[in-house]
Ligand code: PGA
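Form predicted alone, single chain, as structure tokens, below.
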Amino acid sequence: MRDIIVAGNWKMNKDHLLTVDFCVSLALDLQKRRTDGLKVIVAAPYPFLDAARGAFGDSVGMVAAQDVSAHTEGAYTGEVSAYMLASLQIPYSIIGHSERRQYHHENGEEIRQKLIRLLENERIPILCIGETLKEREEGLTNKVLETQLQEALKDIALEDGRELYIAYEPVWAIGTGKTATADQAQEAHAFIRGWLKGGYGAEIAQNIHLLYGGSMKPQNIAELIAQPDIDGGLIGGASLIYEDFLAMIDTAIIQAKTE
């Protein structure tokens, strides 16, 4: 049985003090709850990763980077390597987010190299894939997902599937307030799971966590994570609001108990 993942992507928000306050409060609240079958992740901005990790202490809260370099080391000013994340004991990193693809023109091969660097350093990639509104309206959703999966996972061997998370993020639902219906989200996740089954076999495909990343919030998380192939969420704006993020964690705890 796969755990339910509640992951917050803060993007370029909060400062050092707000990060520490949020993570200390969350650690205390998590300690009051039974969190079996649940993983809570906060993707804080780079300058605050170590502070967030320290604030979580021995709680179940974990920290992710929002991106990582495609390079191992060297003269790459401003870049942060997977080895550096490993040295800070940061277990996860988002890669391939639609904002990185759009604003920084990241292509499939660059994302693939980032994924390789993370696996080399025993970090877990949170690979983001998804279609634009135009692509969905043209009926290209599955084709886009397949292309992005092929590009990122070309010649990538997986041991058991637990070393990779994939977040489906319909680009048209990010930061717009729009959300795919539970049926639409499940359809995309089922396609992804099916593609993984074809490439890696049923066991590995069943072990890979698939997250929904399109405007998940307290009002819709329950119906989304109740779907058979949706294992949690990569949450943007709602993860910045403490009460909303905690409410989503509580919903996930209830769902984890029923599985």
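One rule holds for the numbers: they count along the sequence shown, beginning at 1. Bear in mind that the values here come from a model prediction, so they are computed numbers and not experimental data.
Not pictured, yet referred to below: the form predicted in complex with the named molecule.
**Student:** Does the named molecule get within 4.5 angstroms of any non-hydrogen atom of E106 in the predicted complex?
**Tutor:** Contact with the named molecule, no.
**Student:** Is the gap between I124 and the named molecule in the predicted complex 4.5 Å or less for some heavy atom pair?
**Tutor:** Although the named molecule is absent here, I124 would stay clear of it in the predicted complex, with no heavy atoms inside 4.5 Å.
**Student:** Could you tell me if E99 has a non-hydrogen atom within 4.5 Å of the named molecule in the predicted complex?
**Tutor:** Residue-level check for E99: yes, a contact with the named molecule.
**Student:** Although the named molecule is absent from this view, report whether G61 comes within 4.5 Å of it in the predicted complex, heavy atoms only.
**Tutor:** It does not: once the named molecule is placed as it appears in the predicted complex, G61 has no heavy atom within 4.5 Å of it.
**Student:** Check for me: heavy atom within 4.5 Å of the named molecule in the predicted complex, for each of K14, P45 and Q66, yes or no.
**Tutor:** Judged in the predicted complex, none of K14, P45 and Q66 sits within 4.5 Å of the named molecule.
**Student:** Using heavy atoms only and a 4.5 Å cut-off, determine which of A52, I41, L234, I225 is in contact with the named molecule in the predicted complex.
**Tutor:** None of the other options qualify; the answer is L234.
**Student:** Only one of I174, L158, V144, L153 has a non-hydrogen atom within 4.5 angstroms of the named molecule in the predicted complex; which is it?
**Tutor:** None of the other options qualify; the answer is I174.
**Student:** Would you point out which of 26-34, 196-204, 52-60, 212-220 contains residues with a non-hydrogen atom within 4.5 Å of the named molecule in the predicted complex?
**Tutor:** Heavy atoms within 4.5 Å of the named molecule in the predicted complex occur in 212-220.
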